[in-house]
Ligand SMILES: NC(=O)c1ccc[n+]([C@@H]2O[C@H](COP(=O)([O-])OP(=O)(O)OC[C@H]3O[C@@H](n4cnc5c(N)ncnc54)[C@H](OP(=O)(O)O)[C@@H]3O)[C@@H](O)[C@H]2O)c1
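Only one chain is given next, in structure tokens, and it is the form predicted alone.
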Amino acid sequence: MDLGIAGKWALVCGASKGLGRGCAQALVREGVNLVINAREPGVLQQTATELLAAGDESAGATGQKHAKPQVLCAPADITTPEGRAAVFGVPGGPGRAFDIVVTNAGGPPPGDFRDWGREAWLQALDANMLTPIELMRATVDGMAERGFGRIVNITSSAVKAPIDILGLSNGARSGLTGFVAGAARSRLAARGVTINNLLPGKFDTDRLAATLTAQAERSARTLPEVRAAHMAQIPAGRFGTPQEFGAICAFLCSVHAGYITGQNWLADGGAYPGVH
């Protein structure tokens, strides 16, 4: 299937590794021009080089060859006004005239809510709620004027099934979810702009590996035992891959997803047991 987005411009945040990188890879293979953002310049540049190689080989399922896309690096802290200015001002980029924006930030640390002060909450809100809103505010009106726009916010399965030790994430991401539910159903929807949230469960990323390693170190179990125990809780019997997560994201960014907006797409291998 040709997703119909070759030649468009996308901003992908947290793109140097993990799920953000999976989304960037899927988009560049569809011929989408990218501005990729993360904090570490060296890692980001290496990612850009590898994405360009993937873009050289890009072809849709129909075998149609896309023009070679551009991949531009914007190393910055996207949670700050200065970081966002750097992203929108990257030389050769589209300014604020992005067709696609994929927001993505690592979750705040786990812990006991009794230990979190105001500063911890403000940091969580800045990264996981207010920054995505700022990126939307900066881009959606231009999308509406051009008649096409796609916003995909990478949040967490914990929005649907909150985890007790992830209170900072539960609170901040749920705030974003509530905001999107209203904004996506505003006048933007009738002007070709969709806003959706993509909720990952357990995906085989560095972050998950670090979490499982820490659990193994705190217990009497080996890392393979801890991994096996977690996979046993997932009906699919495995962790997801960044590549398949990216494919879902790319579809939500496609011309074929124009009738989908204000939704929370759960990708967790069937782990969530509810119907809503």
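Numbers for residues come from their place in the sequence shown, where the first is 1. All values reported here derive from a predicted model rather than from experimental measurement.
Heads up, the form predicted in complex with the ligand isn't pictured, but that's what we're talking about next.
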query: Interface membership of Arg173, the ligand in the predicted bound form, 4.5 Å heavy atom rule; finding: yes
query: 4.5 Å heavy atom contact, Leu252 and the ligand in the predicted bound form; finding: no
query: Partner contact for Arg221 in the predicted bound form: the ligand, 4.5 angstroms, heavy atom; finding: no
query: Partner proximity in the predicted bound form: Asp206 to the ligand, non-hydrogen atom cutoff 4.5 Å; finding: yes
query: Within 4.5 Å of the ligand in the predicted bound form, all of Leu3, His66 and Gly149 (non-hydrogen atom); finding: no
query: Selected contact from Pro110, Pro162, Gly89, Gly106, since only one has a non-hydrogen atom within 4.5 angstroms of the ligand in the predicted bound form; finding: Gly106
query: Contact residue in the predicted bound form, from Asn196, Thr177, Thr79, Gln123 (heavy atom within 4.5 Å of the ligand); finding: Thr79
query: In the predicted bound form, segment of 187 to 195, 71 to 79, 90 to 98, 132 to 140 with a heavy atom within 4.5 Å of the ligand; finding: 71 to 79
query: Stretch 25 to 42: residues contacting the ligand in the predicted bound form, 4.5 Å heavy atom cut-off; finding: Asn37, Ala38, Arg39, Glu40
